[in-house]
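Take a look at this single chain, the form predicted on its own, given in structure tokens.
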Amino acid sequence: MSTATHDTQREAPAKPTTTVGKAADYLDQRTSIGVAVKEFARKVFPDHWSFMLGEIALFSFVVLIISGFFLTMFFEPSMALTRYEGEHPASMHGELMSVAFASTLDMSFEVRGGLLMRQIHHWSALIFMASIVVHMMRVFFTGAFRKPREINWIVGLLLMILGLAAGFTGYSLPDDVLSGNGLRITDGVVKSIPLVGSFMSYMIFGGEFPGHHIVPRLFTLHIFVVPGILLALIALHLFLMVLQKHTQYPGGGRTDKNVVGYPALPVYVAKMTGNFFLVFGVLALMGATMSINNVWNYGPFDPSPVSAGAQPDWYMLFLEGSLRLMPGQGTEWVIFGYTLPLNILIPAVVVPGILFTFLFVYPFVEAKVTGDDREHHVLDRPRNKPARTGLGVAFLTAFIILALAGSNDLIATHFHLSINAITWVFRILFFVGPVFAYAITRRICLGLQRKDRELVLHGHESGRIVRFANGEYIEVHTPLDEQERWLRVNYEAPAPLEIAPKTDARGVKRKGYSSDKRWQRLSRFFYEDRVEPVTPAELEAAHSHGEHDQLEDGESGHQAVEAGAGATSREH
């Protein structure tokens, strides 16, 4: 007896022939990176223009790193004194200044492309902070911070705070009059902290202000410490975004269990690449055509000249405005021999502390008063969360008022107004403006929700007036399509929290009742005024109008006359 064995031979996979393919195959065989690349390539990202805001921040940071690397090679972080011997600018020739200021002038006028890089770097910093702020506003108003993204919200806030730190440390490096005044304000703010303020100031400046160490220390923070932490947090931010899948705007077919969009490769990567070159080009154009921070116009740091128009960059204006609005008389107290300068402590420490504390705790507070522990991947329409939208607009209003107050001297000089009157107007607006902004925004949101209900129940106005044979006139409404109807009804209107009774079955006061009562009051603040979405039963009842429905369907057996602009026609 004999047996025959037939081996089925598999064809060996084709080997790559290109250099890139060979390199990729070599790396994949040793690291299995192809699995990760394949998984990422299949990752679906929703498509919406507002999602590009975070990319603008990321790409602005890339431009900051590139331009900052160039500037680092020419800047000398020293406060040693020297006389400037350069030809340009002529106004600075022979002036006594720090080496840091002199190297900034050399970089601007002697290094090829130095001024362009300085201005690209500065504009990139401004756009970086602006895109972060607008991106955080989008996240806040649409509820993208809800579970499971609370950690990523905190990471984003830390990125914004570190962006402020990066801007401040870089802004202070040239050692000119403007940055020196900013450092002097910082010294005053640090010294206002009770008990430890003076010691902290000595530690930061290496002695009495300005000392000889602050510029080298800021340089180390600016090029090493802050960027390193920023890079780590950006990496964490992107990792969490990919891990948790991207949020998406509400619409037909979009739920918390899916993502409707395009794959990362090739669609989304192509869009990101184009967006990067667009951002880079715009920043290069701004740096080439729009001058900014011309330090030679201010001169080297000297504590004596302080003129009108001395403002920090826009993202620090709210602190400047807060300091300018705080009254000085009667706000400096001496307690047990220690001076408590409330005129500095409150505007520079307490006010920003309230703002950032609100941003840090809000996701957890909203989850608590909503009683919601589910994951959310579909975004809210701002109108459907009136309290959240109102609070966001209120804090944004306070921020804008403080930023405008930081320019009260420019407003006074340009419009020939009294600076005292302007200051008092801003003081009143700071307390009144956010309250009015909250109330008005909340009422607008509720009104928009009621308008949505009306549209779902009755449709869009068509302008067609129809008369029936019995003399009745109606306006024929155009019904909503399924996509628009879904958009306007697919939301939740949470009711205020309901808590257990004050006493248990034996009449004993329940433990934790007081805390539950406080959360219930806060929940009523959020959700007592609400507009419920249209239910299927309401929709069916609204569309049951007898012969009116038949008219819309073209099936009416009654004669109807359409009243148009000077013409009459028969409708069947």
Partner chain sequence: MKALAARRHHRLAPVVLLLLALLTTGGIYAALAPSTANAETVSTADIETGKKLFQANCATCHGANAEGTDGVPSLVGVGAAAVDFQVSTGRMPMQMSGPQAQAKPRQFGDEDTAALAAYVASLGAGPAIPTDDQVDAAQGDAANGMALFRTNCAMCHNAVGAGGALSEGKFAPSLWETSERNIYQAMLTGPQSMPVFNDANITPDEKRDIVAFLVEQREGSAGGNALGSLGPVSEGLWAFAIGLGLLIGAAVWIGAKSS
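Numbering follows the first chain given and starts at 1. Since this is a predicted model, take the numbers as computed values, not measurements.
Separately, the form predicted in complex with its partner chain exists; it is not shown, and the next lines address it.
The closest non-hydrogen atom of Leu53 lies within 4.5 Å of its partner chain in the model of the complex. A residue is said to contact a partner when one of its heavy atoms sits within 4.5 Å of a partner heavy atom; Thr370 fails this definition for its partner chain in the model of the complex, lying far away. In the model of the complex, Pro382 stays away from its partner chain, with no heavy atom inside 4.5 Å.
Asp28 falls outside the set of residues with a heavy atom inside 4.5 Å of its partner chain in the model of the complex. Contact check at 4.5 Å (heavy atoms) against its partner chain in the model of the complex: all three of Trp49, Gly274 and Trp296 pass. Checking 215-223, 495-503, 262-270, 356-364 against its partner chain in the model of the complex, the stretch whose residues place heavy atoms within 4.5 Å of it is 262-270.
When you look in the model of the complex, the only residue of Arg83, Arg450, His460, His414 with a non-hydrogen atom within 4.5 Å of its partner chain is His414. Contact with its partner chain in the model of the complex, defined as a heavy atom within 4.5 Å, holds for exactly one of Ile154, Ile474, Ala130, Ile234, namely Ala130. In the model of the complex, Tyr262, Val267, Lys271, Gly274, Asn275, Leu278, Val279, Val282, Met286, Gly287, Ala288, Thr289, Met290, Ser291, Ile292, Asn293, Asn294, Trp296, Asn297 are the residues of 258-297 with at least one heavy atom within 4.5 Å of its partner chain, listed from first to last.
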